[in-house]
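Below you'll find only one chain, the form predicted alone, shown as structure tokens.
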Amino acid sequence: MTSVLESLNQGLHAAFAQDARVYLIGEDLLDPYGGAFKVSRNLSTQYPDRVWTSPVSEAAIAGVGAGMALRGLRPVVELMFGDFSTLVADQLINSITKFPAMYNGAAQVPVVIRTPMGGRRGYGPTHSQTLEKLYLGVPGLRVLAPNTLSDPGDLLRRAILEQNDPVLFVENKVLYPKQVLDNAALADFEIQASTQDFAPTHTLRLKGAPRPALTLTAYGYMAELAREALTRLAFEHEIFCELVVPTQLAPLPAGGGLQPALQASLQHSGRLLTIEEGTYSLGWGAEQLARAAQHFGGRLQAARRVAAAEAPIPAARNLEDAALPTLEDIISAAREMV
């Protein structure tokens, strides 16, 4: 099997090989370093004219990427840590996502901004945050979060080559060494996959399990914990769940609609537990629950969130573990709901 990091690296190489308009801009990209988490390794060796290492200036990097995209190139901007995405917010929210509408579709800005998010590495409060919720309501921005259920590298390649919308591509740090799962690794599960554009959503349940009493939904690394929780809930507590794992976090269906896979699961279970690594309030999970309540009304029997504490993330391992959602938090919340 291939790791998520290797898959992403392969996806970047494939995009560079397929289209000479693809460039990469960011900090510390040149080999032998190859980027902070090595996702970009060997690109500067193979494509020296198209990998630009930059000073520490995230806003400038994003601005250059936007200009290149406006001129017909396919730039990829690498931010060393997702915490620094706040420094590109002005470029992203006030320029990059606005230009297509401001120029009546005559201008396209197909820039992909890649960045690692999340904690569990002991990096402390300014290098461990999960901030993608800040960007989920930005019109014109596509937010993608790969997982191990499908090929992260192919998702990245297609985001670079096929999308004319700007893309924020969120890579959870803890996923990098995880293996992209094959059929053998998922042999215990019934899996349904649906696709929105090229971004898959997977629905998992244990083979032979009865009608689900609870729907779990999670993305990125939290989908790993949710899948483990689904198994433990079944075997240790006889609580049977379905897990819905989206890859596209934004945009969501217009008019407050639910993603079809989540809607289908809730029609069976009537209970929804959202799971995310971002802080509890005003996040992705809250939006899913609000849409579920709007759609199902009184038929939604129970709704709950598992998320991070609303506090800076500590560097000390025991305190970081206490601040971030855990497998036991998911199991405890699920047991209280059913």
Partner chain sequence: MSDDAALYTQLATIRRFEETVLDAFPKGAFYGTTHTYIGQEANAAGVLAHLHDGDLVFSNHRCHGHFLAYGGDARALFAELMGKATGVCGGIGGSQHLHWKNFYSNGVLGSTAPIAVGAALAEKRKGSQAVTVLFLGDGAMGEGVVYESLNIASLWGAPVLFVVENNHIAQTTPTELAMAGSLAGRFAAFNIPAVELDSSDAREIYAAAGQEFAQLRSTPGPRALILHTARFGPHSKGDDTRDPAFIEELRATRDPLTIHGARLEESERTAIEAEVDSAIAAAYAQAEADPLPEHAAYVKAGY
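Numbering follows the first chain given and starts at 1. Since this is a predicted model, take the numbers as computed values, not measurements.
Below, we refer to the form predicted together with its partner chain, which is not included among the displayed structures.
Only one of 94, 179, 267, 86 comes within 4.5 Å of its partner chain in the predicted bound form through a heavy atom, and that residue is 94. Just one of 80, 258, 73, 209 comes within 4.5 Å of its partner chain in the predicted bound form, counting any heavy atom, and that one is 73. The partner is not drawn, yet in the predicted bound form one stretch among 188-196, 237-245, 213-221, 135-143 has residues with heavy atoms inside 4.5 Å of its partner chain: 135-143. When its partner chain is considered in the predicted bound form, residue 276 lies well away from it, no heavy atom lying within 4.5 Å. Although the partner is absent here, residue 184 lies well away from its partner chain in the predicted bound form, with no heavy atom inside 4.5 Å.
Though the partner is left out of this view, residue 63 does reach within 4.5 Å of its partner chain in the predicted bound form, counting heavy atoms only.
In the predicted bound form, none of the heavy atoms of residue 32 sits within 4.5 Å of a heavy atom of its partner chain. Counting a residue when any of its non-hydrogen atoms is within 4.5 Å of its partner chain in the predicted bound form, there are no hits in 208-247.
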